[in-house]
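The form predicted alone is given below as one chain in structure tokens.
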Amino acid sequence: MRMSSPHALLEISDLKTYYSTDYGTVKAIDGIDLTINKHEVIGLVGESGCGKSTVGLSILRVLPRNGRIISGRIVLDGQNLLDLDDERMRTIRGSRISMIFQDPLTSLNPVFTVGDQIAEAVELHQKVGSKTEVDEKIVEILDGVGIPEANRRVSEYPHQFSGGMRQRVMIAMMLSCNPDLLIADEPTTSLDVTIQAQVLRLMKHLREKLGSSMLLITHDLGIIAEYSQKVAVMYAGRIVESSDVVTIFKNPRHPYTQALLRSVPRTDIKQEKLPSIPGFVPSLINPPKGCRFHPRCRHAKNICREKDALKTEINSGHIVFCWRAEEVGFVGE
């Protein structure tokens, strides 16, 4: 199947991923569309519990046992990943798509050295001959992500590394096979601000060196502004607005996006009290009828409570799911 865009690396269409629980079915992703072009960084942003991480897990098909993809398509270079069997999918993970998770300590196996864990990925996906060549490749990879004394530390265990160094090891594992798509799921959440900046700069440098695309999943709008080219804003299992990063920050049209931006601390204006979004993220077992943001939206009208949000293209590539997105005076009201 040919992709709709000649520049697209990955296209997600009408994806629905649900979790079965004792309390009911959680509709973590409930019909999203997302395109990631070649050499592009897409930021996926939203509050905790909106389904961001499930997008990454769905792409790799590594959902927990109670999760399943109900419908939709995940197309990588013309091939629907949902049509592949488990063996073929294992060859895609690592070689074509890699993922770095939130907490490197829980993502790394504590009983194996970091060298052994990187070696597994190298041996599986790269044509490396002898053990000596594998060892040399591992040291080269660790050195490339800024691990000092890589030839010594390759034989150490995850608990012997600091949080920032563990995340560098995860980045090394992710990039060891030169993947086409990197999925970074809150990669700096557990790190202090200084180390966050170092890790993000490293990821940016290595991604540009490899020419890879990236899906950057985060709740931090500052990271989105600095490192993303396009942004998709997610709320309650659905994408509510998407565009290039400049448009999202200068001309947000969905009230949820506007509320997120208002809640970010600013140094250029005096703020006695930081605005917050009233209410709570709705249950994804029984989401509200109509637009899912309407119970928290100060602009909601009757139609917002009755019908799903209207898809509107404000400008080329700027998509908003909102009944009031085009109304005069809506923005900044």
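For every residue, the number given is its place in the sequence shown, counted from 1. None of the values given here were measured: they were computed from a predicted structure.
Same protein, other form: the form predicted together with a small molecule, not shown, and the subject of what follows.
Chemist: Which among 290-298, 31-39, 51-59, 304-312 is in contact with the small molecule in the predicted complex, heavy atoms within 4.5 angstroms?
Modeler: Flagged stretch: 51-59.
Chemist: Is L284 close enough to touch the small molecule in the predicted complex, meaning at least one heavy atom pair within 4.5 Å?
Modeler: Although the small molecule is absent here, L284 would touch it in the predicted complex, with heavy atoms inside 4.5 Å.
Chemist: With the partner left out of view, is P64 within 4.5 angstroms of the small molecule in the predicted complex by any non-hydrogen atom?
Modeler: Because a heavy atom of P64 falls inside 4.5 Å of the small molecule in the predicted complex, the answer is yes.
Chemist: State yes or no: in the predicted complex, is some non-hydrogen atom of T21 no more than 4.5 angstroms from a non-hydrogen atom of the small molecule?
Modeler: T21 belongs to the contact set for the small molecule.
Chemist: Just checking whether V26 would be counted as a contact of the small molecule in the predicted complex - the rule being heavy atoms within 4.5 angstroms.
Modeler: Yes - in the predicted complex, heavy atoms of V26 and the small molecule come within 4.5 Å of each other.
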